[in-house]
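Quick setup: one chain, the form predicted on its own, written in C-alpha cells, and binding and motion questions come after.
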C-alpha cells in the first residue's frame, strides 16, 4: 500500500505544492525504506517536522553531519530540536556515532524527561553505561509527566475540536467535492496535511440527519491550504477522531434553507453560500458524471461498515455487541445515534424506551466508529443529549491514565533495571531482576534473549543455549540475540545445531546481520576462515553499525594471521560502540601475539574497565603483566580471575606459569594438580609439569609427564616443543638458555 500512498501523495503535491504535502510524501517514502527519495524531497525545507524527517533520512543514509545540521542549525544553536523527544533521541544517536558521548547522554536524558515511555532512549543510555537506576527514571515523577502529557493532549484535542466545530456544518444534504467551486479548491492550500493523515484511520457513516439524499464521497481529500472561514460550509471527510456530529453543542434547525445542525452552538450562523446553484450544478456535472452511482457507492460503503460486527453496535435487534468495552449504565435495548468516537469523550447512545443513557468509552481497548441504521433527525432529542452529557468520563479517564501509567512504569522499572545491570555486566544481578517479572512477560522473546546474553557473559554456555532456544520458540520471527546464540553454539562445538540455526535465520530474514553472523560462525567452527570472513563482511554490508559483526571479522583476520586488517576491524567496532569490550580484548590479543606487551596491557585494561567480572579478560591481563615482569600484579589478577570463575582453567594455568617464573615450584605443582581435575586431557598441563620436574632434577617424573603430554595428541607446534624438551632432558637449564641465545 505504500506504493499507492506515494502515488497519491505525488498527485497531491502536483496539485497543491507545499512543504506540508512534501512532508507527507517524504513520510511515505521513509515508510517504504526509500530514504534517498525523502532526502531529495526534503532538502532545503524549513518546517520543523520536515527538518526532522530530513535528518532521519540523512541518518539512514549515514550522512550524520547533514542530519545534525538539520536538527541543530549551526547559526541557531539555541533553536528548539524539532519533533520533541523523538528529535532529541535522533540527535543523541548522531552524537553517539560521532563519538561525542557526553552530548549523546544529554540528549537521551532530555528525550526521557520529555517522554518517560521512550524506552529506546533508556536502552541507549544503558549501552553507553550512563543510565541511572530504573527506579529513579521510571518513578512517580515519570507517572505525573505521563498524566500531564495526557491532559495536555486532551486539552489540545478539545481545542482543535472546538476550532473544527466552528467550520464543520452538516446541512440538509451532505456536501461533496462537487459542491465546492474551482476557485475555492484553488484557495484551499493551507489545510494541515497532518490532520489528513491522522484522520483517515477510520470511517463513520455519513447518513444525513433528515434522511435526505447522501452525496458525500468518502474519498474526498480536503485541500491543503483552506482556512477555517473558507471551510465553514464544507463537511469534512468521514473521520474517526477530529469530527463529532452528535455532541453536546449539536443544534438542529427546521427549514431546508437553513443548516440542519451545527456542531458548535457557541458560534451559530447561517450557512454560507459559495456560489449560486447554477454554478454548483456545472461544477458537479464536470467533476462527476453520475450522481446516482456515487450514492450507491456510498451506501455500499455504509452497509460494509454497518455489517462489521467487531466494530459496530447492532441497532436493528436492540443488542449492544460492544458492552464488554463500555462502562456506566447497561441497557438491553440500545439504539445508537449517528456518532463518531473521539478520544477522551463519552459514547452517547439513546434508549428508545427509557430515555438517554451514556456509556463511557475506553479508547485504550477499542477504537471503532458506530453508524446508525435509522437516520432520524430529532432536534429535541439531540438537544437533550447535548444537555445531559456528563463530565464523569474525563475524571474516570484520568484515573485510568494514572493507573495505566503506574502499571507500565512498574513493568519498565524491572525491565530497565535488568537491562542496565546486564549492560554493566552484573549478570547475576540482572538475572535476579528479570526473575521478578510476571511469567507472561518473562516468557517473551526479548526477555529470554537478555537472559541468554547474561548467561553467555557468565560463560555458562549450556544455560545460555537453553535460554536462547526458549526465546526462539517464543518468538520464531525475531532475530534478537541470535548472533550471540550462534557464538554460544560455536563455543559448545555444536556444529549440527549451529548449522541448523544458521539455515533457519537465513530463511527467516536473509537481510539481517544476525543471520550472516550465524552462518559465519558455522564456517569458522569448520576452520574455513575465509568463507567465514565473507559471511561476516556480508553482515557488515547489511548493517554497518552492527559492532559485533566488525569484531567477528577481526577474529577471522587474526585466525588468518592478517593482523593489520584485524586491527582495522576491531577499531571499526569501537567507533560504533566504545564499550564493546570484545573489540578491546581482540586488540589486546593481537598486540600480545605481536609481542607489543605494553600496548597489549593497555587494551586489556580498557576491556577490564568495561567488564570487570570477566575471568577471561583478567587472565589475559595477568598474562600481559607477567610478560612485563610485573609478577606481583599478575598474580593478584590471576587470583581475581580464579575467584570470578572457578571453572575456567586458564587463570590456574597462567598462575602456575607465573609461579614457575619466580621459582615457586611447589606452589606451581599444587596449582597444576588442582588443574588436572578440571582439564584431565589438556596436554599443556603435563608438559608444564614435566618442565618443573626437570628443573627440580626429577628426570624420571619429567620423562613420564612429557610422555603423557605426547599421548594426548597436542598440536604440531606443541609436539615439536615437547620433543625438544625430551632431547635436552639431561642438559642443565643454564646451558639450555645459552643455546637458545
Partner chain sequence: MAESSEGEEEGNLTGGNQHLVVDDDLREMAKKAAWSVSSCKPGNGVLSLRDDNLDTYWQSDGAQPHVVNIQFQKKVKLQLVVLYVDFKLDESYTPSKISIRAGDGFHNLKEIKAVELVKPTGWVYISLSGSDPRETFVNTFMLQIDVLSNHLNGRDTHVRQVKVYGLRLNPMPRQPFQFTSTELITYSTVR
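This one's a predicted model, so the numbers in the text were calculated from it and none came from an experiment. Positions refer to the first chain, counted from 1.
Just so it is clear, the following notes concern the form predicted together with the partner chain, a form of the same protein that is not shown.
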Quick check: do 15, 24 and 147 each get a heavy atom within 4.5 Å of the partner chain in the model of the complex? no
Can you pick the stretch from 434-442, 411-419, 662-670, 592-600 whose heavy atoms fall within 4.5 Å of the partner chain in the model of the complex? 592-600
Might residue 461 be said to contact the partner chain in the model of the complex, defining contact as any heavy atom within 4.5 Å? yes
Though only this chain appears here, would residue 678 touch the partner chain in the model of the complex if you measure heavy atom gaps against 4.5 Å? yes
Is residue 36 close enough to the partner chain in the model of the complex to count, meaning some heavy atom within 4.5 Å? no
State yes or no: in the model of the complex, is some non-hydrogen atom of residue 84 no more than 4.5 angstroms from a non-hydrogen atom of the partner chain? no
What is the one choice in 568, 632, 510, 493 with a heavy atom within 4.5 Å of the partner chain in the model of the complex? 493
Single option in 649, 612, 404, 129 placed near the partner chain in the model of the complex, where near means a heavy atom within 4.5 Å: 649
